[in-house]
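Next up: just one chain, as C-alpha cells, the form predicted on its own.
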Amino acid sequence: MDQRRVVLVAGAVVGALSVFLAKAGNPANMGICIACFIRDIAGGLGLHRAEVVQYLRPEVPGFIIGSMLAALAAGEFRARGGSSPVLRFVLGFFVMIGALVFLGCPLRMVLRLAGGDLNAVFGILGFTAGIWVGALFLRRGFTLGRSARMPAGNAVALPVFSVLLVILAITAPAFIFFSSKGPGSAHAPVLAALAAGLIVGALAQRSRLCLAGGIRDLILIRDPHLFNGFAAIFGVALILNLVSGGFKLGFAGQPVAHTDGLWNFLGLAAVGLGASLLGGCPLRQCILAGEGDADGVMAFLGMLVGAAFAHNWGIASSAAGPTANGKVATAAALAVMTIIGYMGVRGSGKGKAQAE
C-alpha cells in the first residue's frame, strides 16, 4: 500500500480506537493520551502519590510491544542509539512538564478538539509555535549526534519491561497503586486497552505517524503526508463523537481541562519545541523505543520521571488551572530547551564537537 494511504488508514483507525476507548471506560476526550497514560503509570509504580492518577495503563505497553512486533515483521527491529542520551532524557522530562501543564499530549490535543474542547485551539497554536522555533534550529543544522548499533539488550529492555507492566496490570498485586477515584479510576477493560495499544503501536510503526513531524515537514519542506494522518484522526474522532453524543462545543466544563489560554499555549509550545529537537512527539518516542531505538527509550524514561516530578512538585495543572509551580516549570522548560537547541546547532561549540 502507498505510504500516504498507510498514514491515512493509521490515522483513521487511531481516531476510531480513541473514541472506542473513551466509550469503554477511559476518561472523556482521553481515549488515548501518551502523556496522561505515562503519568498514570508513574503513579501506579509509586513514583508519585497523586491518588487520582494512578493506574498501569495497558495502552502504553501495547504501543511499545505492537511497534516491536511490526518492526520485527518488517525486518526493521535493531538495537541502535547512543546520540546524546542525557539530553534526550532532559528533553523528554520537559516535554512531559509542558504536556501536564496543558493536560494532554499532542494526540489528546487533537482528540480534545474533536470532542468540542476549544481550549485545545490555544494548545494547537502553541504546539505549532514551538515546532516553528525548533525548525529554526533544524534549518541551522541542529543535531543530537548520530546513533550507532548497540548490543541487543538495549533493544529488548523496554519491551520486556512493557510485558511486565501488562502482567502487573492484570494481576494487580498489593504493591501497585490503583486510583479509586478521579481520572486514574476511569479505564477501559485491560484486554481491550491492550489490544487497542497493540494495534496503534503496529500502525504507528508502519506509518511513522507523528504530529510534530507532520507540522515540521509542512514548515520545512511543505510535505503534508504525515500531517494528513492527524487530520484523519481528527475527522474520524469528530464524526464518531457527533454520532455518539460525545461532542460538547465550548471552553468551560470540558473534561480534564482548564481554560487558561496562555498556559495552554505555552505548555504545548514546550512540547512542540522538545518534540522537534527529539525528532518526534511522545507517541513517536514510544514507537521508536519499541523498534529497538535506545534514544527513544531515554526520551521515554525522561517523560516517566518528568510525570513523577510534575505531581510530586505541584507542577501539573488541574481543572482549576495551572499552578504557580507549573508556570515556573514551563518557563524553565522553554529556556532549557532553547539553550539545548542553540548548543546543538552546527557551528556552535557543541555542534562542532558532535560533528567531529
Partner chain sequence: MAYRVDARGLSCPQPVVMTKKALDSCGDVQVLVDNATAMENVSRFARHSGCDVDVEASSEAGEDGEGCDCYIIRIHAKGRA
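Residue numbers count along the first chain shown, from 1. Keep in mind that this is a model prediction, so the values were computed, not measured.
The following text describes the form predicted in complex with the partner chain, which does not appear among the structures shown.
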query: Which one of Ser185, Ser147, Thr259, Asn154 is close to the partner chain in the predicted bound form, taking close to mean a heavy atom within 4.5 Å?
result: Ser147
message: So the partner chain isn't shown here. In the predicted bound form, which residue out of Phe142, Phe93, Trp263, Phe177 has a non-hydrogen atom within 4.5 Å of it?
response: Phe142
Per-stretch contact check against the partner chain in the predicted bound form, the hit in 122-130, 248-256, 213-221, 100-108 (non-hydrogen atom, 4.5 angstroms): 213-221
- prompt: Quick one: is Leu138 in contact with the partner chain in the predicted bound form, heavy atoms, 4.5 Å cut-off?
  reply: yes
- request: Answer for Arg284 alone: is it within 4.5 Å of the partner chain in the predicted bound form, judged on heavy atom distances?
  value: yes
- prompt: Would Pro159 show up as a contact with the partner chain in the predicted bound form if we use heavy atoms at 4.5 Å?
  reply: no
query: What residues, if any, in 71-86 have a non-hydrogen atom within 4.5 angstroms of the partner chain in the predicted bound form?
result: Glu76, Arg78
